[in-house]
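One chain comes next, on its own, written as structure tokens: the form predicted alone.
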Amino acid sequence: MSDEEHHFESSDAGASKTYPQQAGTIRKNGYIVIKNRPCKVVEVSTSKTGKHGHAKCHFVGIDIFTAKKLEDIVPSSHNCDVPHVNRTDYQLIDISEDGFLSLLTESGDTKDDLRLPTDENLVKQIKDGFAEGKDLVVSVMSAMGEEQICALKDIGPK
């Protein structure tokens, strides 16, 4: 045994941000990591094997946070990273002047670290609904350490 001390720097509970999946098994509407960004797959095409080598999968994905289109080509027998994507609903309590939302979690705690989304249409719906005094529930999508509001639901008047 060595006498070296090991320092592990980790901020999560050991849960990985991604998991491996064989490229040939990833389908349309699934998720994939392209260029270190979590993407929703919008198109998959598979080429036949050449004289030497593997069948290739051509993925076209839309970044789930920035809506940018990304592409990747991977041999179908190789593994791709697939992000763990979670959707969580929170009730909206308040909107601060600097663009941060105050949200109520299911456990009754508040979550104050989320900004208004980049989608102008969604921002308008959130602000208008909040100004009218509606009870709003926002859906927050999280993947690979990032979080963003992706949808809005009205659960009726207060």
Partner chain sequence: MQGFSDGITGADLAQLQSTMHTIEVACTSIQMQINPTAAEATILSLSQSPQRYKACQFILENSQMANARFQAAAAIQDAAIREWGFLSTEDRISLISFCLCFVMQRASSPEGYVQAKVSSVAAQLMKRGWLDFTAAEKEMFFYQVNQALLGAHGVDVQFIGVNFLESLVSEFSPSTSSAMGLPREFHEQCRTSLELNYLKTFYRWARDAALSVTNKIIESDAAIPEVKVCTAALRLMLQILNWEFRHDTNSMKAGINVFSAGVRRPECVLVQPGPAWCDVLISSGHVGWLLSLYAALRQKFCHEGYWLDCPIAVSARKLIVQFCSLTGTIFPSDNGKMLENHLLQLLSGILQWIEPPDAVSKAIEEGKSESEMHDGCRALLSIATVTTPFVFDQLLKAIRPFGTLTLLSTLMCEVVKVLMTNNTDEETWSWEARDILLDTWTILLVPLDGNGGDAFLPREGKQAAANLFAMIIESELKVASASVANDDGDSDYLQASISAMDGRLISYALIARGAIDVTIPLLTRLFSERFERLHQGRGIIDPTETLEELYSLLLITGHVLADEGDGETPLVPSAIQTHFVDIIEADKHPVVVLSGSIIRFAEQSMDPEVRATVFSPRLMEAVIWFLARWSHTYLMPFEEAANCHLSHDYEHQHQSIHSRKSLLSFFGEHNQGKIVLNIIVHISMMTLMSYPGEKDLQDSWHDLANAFTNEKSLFLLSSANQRSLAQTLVLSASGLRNSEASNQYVQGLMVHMTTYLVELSNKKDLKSVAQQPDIIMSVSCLLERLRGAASAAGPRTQRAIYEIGISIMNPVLLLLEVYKHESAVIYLLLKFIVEWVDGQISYLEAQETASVIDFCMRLLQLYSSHNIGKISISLSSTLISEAKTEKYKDLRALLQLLSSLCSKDLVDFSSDSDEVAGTNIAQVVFFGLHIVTPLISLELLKYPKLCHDYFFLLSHILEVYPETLPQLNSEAFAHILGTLDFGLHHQDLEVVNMCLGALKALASYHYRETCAGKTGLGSHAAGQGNLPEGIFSQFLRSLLQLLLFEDYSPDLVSAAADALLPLILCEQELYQRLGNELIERQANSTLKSRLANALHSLTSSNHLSSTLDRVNYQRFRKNLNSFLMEVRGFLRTM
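Numbering follows the first chain given and starts at 1. It should be emphasised that the depicted structure is a prediction, and the values quoted were computed from it without experimental measurement.
Keep in mind that the form predicted together with its partner chain is not shown, yet the notes after this line are about it.
Interface residue among L114, L70, V33, L122, judged by heavy atoms within 4.5 Å of its partner chain in the predicted complex: L122.
With a 4.5 Å cutoff on heavy atoms, I149 counts as touching its partner chain in the predicted complex. Its partner chain is not shown here, and in the predicted complex it never comes within 4.5 Å of any heavy atom of V74. Taking the partner from elsewhere, N29 is found to have a heavy atom lying within 4.5 Å of its partner chain in the predicted complex. When its partner chain is considered in the predicted complex, E132 lies well away from it, no heavy atom lying within 4.5 Å. For the stretch 83-109, the set of residues having any non-hydrogen atom within 4.5 angstroms of its partner chain in the predicted complex comprises P83, H84, V85, N86, R87, D89, E106, in sequence order.
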